[in-house]
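Read the single chain below, which is given as C-alpha cells and is the form predicted on its own.
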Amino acid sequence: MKLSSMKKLLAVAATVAALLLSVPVFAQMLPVSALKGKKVLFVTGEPEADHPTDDGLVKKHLESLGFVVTMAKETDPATKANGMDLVVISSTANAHVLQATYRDVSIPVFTWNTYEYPEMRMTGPHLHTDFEVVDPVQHYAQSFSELYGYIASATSPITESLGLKSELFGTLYLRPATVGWGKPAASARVVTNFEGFPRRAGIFTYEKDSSMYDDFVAPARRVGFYLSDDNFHLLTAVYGPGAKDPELRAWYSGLKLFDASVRWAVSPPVTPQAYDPSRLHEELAQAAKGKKLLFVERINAGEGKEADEHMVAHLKALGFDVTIADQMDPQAKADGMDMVVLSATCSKYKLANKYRDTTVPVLVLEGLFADTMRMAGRGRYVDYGEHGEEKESDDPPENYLNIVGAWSPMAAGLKPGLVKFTNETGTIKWARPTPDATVIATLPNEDEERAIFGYAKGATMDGGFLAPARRTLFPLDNPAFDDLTPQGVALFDATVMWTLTGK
C-alpha cells in the first residue's frame, strides 16, 4: 500500500474515532440488522381457554426482527436466562409466582407485566400509587383515555431514533383495552406518559447502574412497556400512503416504540469511566481551553463573594476565558459566549427571566431559579425548594447527596449511593424537573427532590418549553464552593464538562 493511501486510511480512521467519541451517551442504539441471531428468553404464563393472549404474535414478531426466541414458564429458574441476550416477560406470567426471579440477572429485561414492576424494583410496591393496571371492566372511561399517550422525552434514544417530538400519539387502536403504568424512580427515563401525569409512565427505562427502588442498582438495562395480555396486535402503525404523512407517522407509532424499546434494551449499555478526579480535571481543562464563560453574580455581594471569587479562579485555572457580569446586566452579555454560570449569590428578583432563552449552555447554581429558567414548575416547596435554609425550610441542613444516575458522565464515575458533598452541613437546593431531564443525584431519602440534573438541547422543559441549549442544575449555595469535598469538586467539574460539551 502506498504511503499516501495509508495516510488517507489513518485520517479516515481518526475521523471515525473522533465521531464515535463525540456521540452522546443517549445515542447508543443497535440497528435492526444487528438483532439477527440474538437470543431472547420469552417468559409467559399458561394460556387459558377463555382468556386469549398475544404471546404467540409477540414471539413471531420478535423472530421477524431476527431474534432467536426460547420460551420459558413462570416457574422456571433464573438460570434459564444463562447465555441469553434479553429477557422478555409477558403480563401473562403470574407475578405472584414469578416474584423476583429475574430481578438480579445481569441481562437486559423488557416487560409489560405491570404487577412484576415492584418485584423487579422498577417501581414502588403500592398499587394505584406506584403502578396500576387500567382495564375496561374496572376503569371503563379511563381505559379510553389511555389510548392517548404523550411523548414525555424527545431526547431519549428511543424517541430520537424515531424522530418523535413531545406531543400526543395513539398508543393502541381505538377500542377500550387494558394498559399498565408505573411510577419509576428518579434515575429512570420516562419515555411516554398518560393523562397529564408526568411520572405515570407508559414506557420507561433504566440504564445499567441506575438506582432503582429501595436503592437497588440495575444489573443491566430495564424497560417497562404499557401493553397487557392480548393487545399487542392493537399497537398503532401506519402503512401505505398514510406513512408518507409525518404527522400520521408520529401519531401511529405504538409498534415502532415497541421495536425501538426492544432495540434499546438489547443495545450495549453506557459504561462511564471510573472515578478519577485527576483524569476528569485534565479532560475538562482540554475542553475548556480558550472557551468563553460568562459568570453572572451579585457584584459586591456579602455572603458567597469569596466563594464566587474562588470558583472563578478554579474556572480560569481550567482554561476558561471568564467574563464577570452583574445580575442586573442585560442578557446580551451572553452573546458570543460558550457557557453561562449563574451564581447562587444572584437574587431571583433581580435576575428575572434573563438567560432562559439564550442559545448558550447554562449552569444554574441556585435551585430557586428553577421555575424562571423553566427547569421545574412554579410551586415553591413542591416543584423546587431547599434543605437547611434558616426560617424557610422544614428540612434540616444537609451535606450528602444520593447518586442515582451513576451511569452518566455527570456523576464523575462515583458509585450509586450516598456521597459526602460538602464537609459541613448547610443549605442544599433541589427541584423536580420534567421527565426529559437526566437526574444524577437526589437528596438523601427524598427521591422526588433532585439535586443534580441536566436537560439536553431540545429537551422538553416545564410547560413544553424546549431547551435552547443544555441546562443543568448544581446545588451550590452561596458559600458552599469552598466547602466542597473532593467528590463534590469532581461532581462540579463533571457537571461543567457536560454543560459545556454534552460529555
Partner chain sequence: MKRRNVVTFVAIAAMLLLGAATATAADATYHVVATYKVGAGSPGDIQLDAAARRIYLAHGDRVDVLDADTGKKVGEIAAKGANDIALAPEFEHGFASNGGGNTVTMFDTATLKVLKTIKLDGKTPDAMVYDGGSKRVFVAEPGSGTVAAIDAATGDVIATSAPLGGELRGMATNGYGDLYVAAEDKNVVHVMDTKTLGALGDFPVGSGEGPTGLTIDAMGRRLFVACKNGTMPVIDTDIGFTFEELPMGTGEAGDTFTFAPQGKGGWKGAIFVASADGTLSIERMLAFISYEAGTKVTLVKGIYAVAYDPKTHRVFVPAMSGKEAVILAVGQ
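Being a predicted model, the structure only gives us computed values, none of them experimental. Numbering follows the first chain given and starts at 1.
Keep in mind that the form predicted in complex with the partner chain is not shown, yet the notes after this line are about it.
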key: Non-hydrogen atom within 4.5 angstroms of the partner chain in the model of the complex for each of 56, 80 and 84   = no
query = Among the candidate residues 241, 396, 290, 196, which is the single one with a non-hydrogen atom no more than 4.5 Å from the partner chain in the model of the complex?
reply = 241
query = Ok, 236, 323, 331, 372: which has a heavy atom sitting within 4.5 Å of the partner chain in the model of the complex?
reply = 236
task = Mark residue 175 yes when one of its heavy atoms lies within 4.5 Å of a heavy atom of the partner chain in the model of the complex, and no otherwise.
result = yes
query = Is residue 295 one of the residues lying within 4.5 Å of the partner chain in the model of the complex, judged by heavy atom distances?
reply = no
message = Can you work out whether residue 275 and the partner chain are in contact in the model of the complex, taking contact to mean some heavy atom pair no more than 4.5 Å apart?
response = no
task = Report yes if any heavy atom of residue 148 sits within 4.5 Å of a heavy atom of the partner chain in the model of the complex; otherwise report no.
result = no
inquiry  = Taking 4.5 angstroms as the heavy atom distance cut-off, pick the stretch from 337-345, 265-273, 202-210, 166-174 that is near the partner chain in the model of the complex.
reply    = 166-174
